[in-house]
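Below you will find one chain, with nothing else, as structure tokens; this is the form predicted on its own, and questions on how it binds or moves follow later.
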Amino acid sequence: MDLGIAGKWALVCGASKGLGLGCAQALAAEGVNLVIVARGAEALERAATDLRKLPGAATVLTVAADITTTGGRTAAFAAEGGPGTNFDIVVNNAGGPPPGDFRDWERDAWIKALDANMLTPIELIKATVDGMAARGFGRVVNITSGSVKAPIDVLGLSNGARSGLTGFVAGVARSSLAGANVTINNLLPGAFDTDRLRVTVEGASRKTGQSIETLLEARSKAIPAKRFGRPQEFGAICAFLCSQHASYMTGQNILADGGAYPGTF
């Protein structure tokens, strides 16, 4: 299927590895021009080199910066050869806050989580969607978490910040933007084979005394699909949401979790 987005410009955050890289790979394969952002310059350049080798890949620009800061966002918009703020596609993605016990978190921990996982996506949406509307095409995909639907007790910082973003998107996605062919959707990963998964399991290992390997095996077996997700298949879902074919989907929370969430709605 031709997704109809070749030649568009996409900003992909947290794109040096994991789910962000999976999204960048899927978009690059469709001929989308990319500005990829991550904090680690070395890993980011490795990712860019691999992306440029993909069949159909177009321009891939790198910005080694922290997208959760004002300076990082300014750098992303100032990428030489990039579109400025005139992105057609924005994939919001930032590393989740650490697991732990809410009793140990002071105000600064909450502010940091909100900055990364709620306020930064809102700032990027604010900076880009009016231009998208003026051009008659725009796609925003926010990578949030399956914990928005089924909160995880040790991920309270993430539960709170990402749920706040979800509520914001539910309103703004149904504004005048929808009539201008600008869609905003949330993509909710369950357990994917990423560094983030291991960090979460390491926290559970310290809490329970069980080995990381034992916990990983038990968790994968508890998923109806009997495995962890792959970043590449997550990226394929993201690319579809960014496509011409997804213009009638907005304000949605798309859950990709191998069937782990047991609810009907």
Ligand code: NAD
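One-based numbering along the sequence shown. This is a predicted model, so every value here is computed, not measured.
Although not depicted, the form predicted in complex with the named molecule is the subject of the following passage.
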Heavy atom within 4.5 Å of the named molecule in the predicted bound form - residue from Ala76, Ala173, Leu124, Ala94: Ala94
One residue of Thr68, Thr59, Thr62, Ser205 in contact with the named molecule, assessed in the predicted bound form (non-hydrogen atom, 4.5 angstroms): Thr68
Interface segment, criterion being heavy atoms within 4.5 Å of the named molecule in the predicted bound form, picked from 189-197, 130-138, 163-171, 106-114: 189-197
Site check Gln25, Asn33 and Gly235: each within 4.5 Å of the named molecule in the predicted bound form by heavy atom: no
4.5 Å heavy atom contact, Met118 and the named molecule in the predicted bound form: no
Partner contact for Ser145 in the predicted bound form: the named molecule, 4.5 angstroms, heavy atom: yes
The named molecule contact at Ala15 in the predicted bound form, heavy atom, 4.5 Å: yes
Ala239: touches the named molecule in the predicted bound form, heavy atom cutoff 4.5 angstroms: no
Stretch 33-51 - residues with a heavy atom within 4.5 Å of the named molecule in the predicted bound form: Val37, Ala38, Arg39
